[in-house]
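Below you'll find only one chain, the form predicted alone, shown as structure tokens.
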Amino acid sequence: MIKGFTRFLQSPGEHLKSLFGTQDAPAGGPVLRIIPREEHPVSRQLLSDSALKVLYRLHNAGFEAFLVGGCIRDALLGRQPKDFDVATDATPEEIRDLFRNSRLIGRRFRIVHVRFGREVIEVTTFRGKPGEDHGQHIAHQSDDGMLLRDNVWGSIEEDALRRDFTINALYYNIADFSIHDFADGVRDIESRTLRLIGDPATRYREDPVRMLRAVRFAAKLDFELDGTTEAPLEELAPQLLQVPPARLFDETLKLFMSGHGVATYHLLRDYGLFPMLFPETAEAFEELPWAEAVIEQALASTDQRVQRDRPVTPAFLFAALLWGPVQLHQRAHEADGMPPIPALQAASQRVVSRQLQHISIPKRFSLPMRDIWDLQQRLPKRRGKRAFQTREHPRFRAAYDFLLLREAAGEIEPGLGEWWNAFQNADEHEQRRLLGKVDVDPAGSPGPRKRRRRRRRKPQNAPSDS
């Protein structure tokens, strides 16, 4: 199978001749290439049972049913497909009638989620080109060209041209197990090229998130951006400011928590996209030489955990992404005479409030993130029972890992992380010995131990001043 697919990639012209005969494809329309089952490596054994159930039920009901997008792309690249999206000519209402375990979601783009336990299969209706006869409740664009609503149904050919990248416009037909390639996506897979379908500037304005998707796919797949796809990125980066913060939160998780965060981050910086997501962080780079290193260390750690199938939390990553501006604001508050702990709390509140205008961080992540920051001031204070109390804090482990990042990035001198590592793993006798070696004042800086001054208690029977 793979050999046959390789032959197709090497000489697609012969296959096109057999598919289209001597006639050319329609002028202005997509050039369809149909790759028969024996010439591609996509097997039903690679596909989700749930996705196959959806495909067969649609097909048996008389509808067209195709797997589309990333699952086909990944299968052709020799990767294990994970996300399975289905495209069909059935309307959302018809899809919902076929599946009791489904629900309609979205207003901007109406789609159907079919749920099988914890697995969700996303089913979309073929989209067409909006016309003047479509009302704003069906199709609507802003003055800048951004699609605010897009629910015009069309044919599979129209749907292919509405997709973002050529490598995502590949359709697996459940009727005969062939692959339909409308945009030369197979050839771009062979050359490892990421190319937008249509005029890039227009497509980015329609949906600015496509700029983030371009960077994410390039990093994840190790593809090169086509020149025309790459050219408008820096100029159009401010278009991301129009995207709702809640949507950008979801996109940020995909950018940084898919196992290729470091490479993605560097591309975001190269194309001027990062300041649109984290403006205060980008400004902090100019004043804090270690701020970027903290982020790179956090992303590298996250990549390693993802590759080992270990859990990761957005709270830790956002703590690293926003730590630089938090420190700048804390220093400013302390310079105005505010004590360190209130200064940190005020700085945290200010940074989070401003960041929510760009990326909406749910409280289930922002609250643990602030705990990680607060614990950075408690970790140096280890006298008496403080070390034991800090170790029992629910966020201690995340705060300890964050401390190690700060040391590795050069923000603080190494040593404190090593002490806490020894303290965690020590028995009671060794813990007492470690506590005895602590020779820091309550603020955490080296110095002699301060003795508390005891107040003299007034005798109970002493005569009153009156």
Ligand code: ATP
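Please read these numbers as outputs of a predicted model, since none were measured by experiment. Position 1 is the first residue in the sequence shown; the rest follow in order.
Omitted from view is the form predicted in complex with ligand ATP, to which the following refers.
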query	finding
Of 305, 162, 391, 333, the one that lies within 4.5 Å of ligand ATP in the predicted complex (heavy atoms)	162
Among the candidates 382, 210, 329, 370, the residue which, in the predicted complex, approaches ligand ATP to within 4.5 Å (heavy atoms)	210
Three-residue site 83, 216 and 220 fully in contact with ligand ATP in the predicted complex at 4.5 Å by heavy atom	yes
Which of 403 to 411, 45 to 53, 66 to 74, 430 to 438 sits within 4.5 Å of ligand ATP in the predicted complex, heavy atom basis	66 to 74
Residue 254: touches ligand ATP in the predicted complex, heavy atom cutoff 4.5 angstroms	yes
Proximity of residue 115 to ligand ATP in the predicted complex, heavy atoms at 4.5 Å	no
Non-hydrogen atom contact residue 178 with ligand ATP in the predicted complex at 4.5 angstroms	no
Residue 363: touches ligand ATP in the predicted complex, heavy atom cutoff 4.5 angstroms	no
Partner contacts in the predicted complex for 167 to 190 (non-hydrogen atom within 4.5 angstroms of ligand ATP)	168
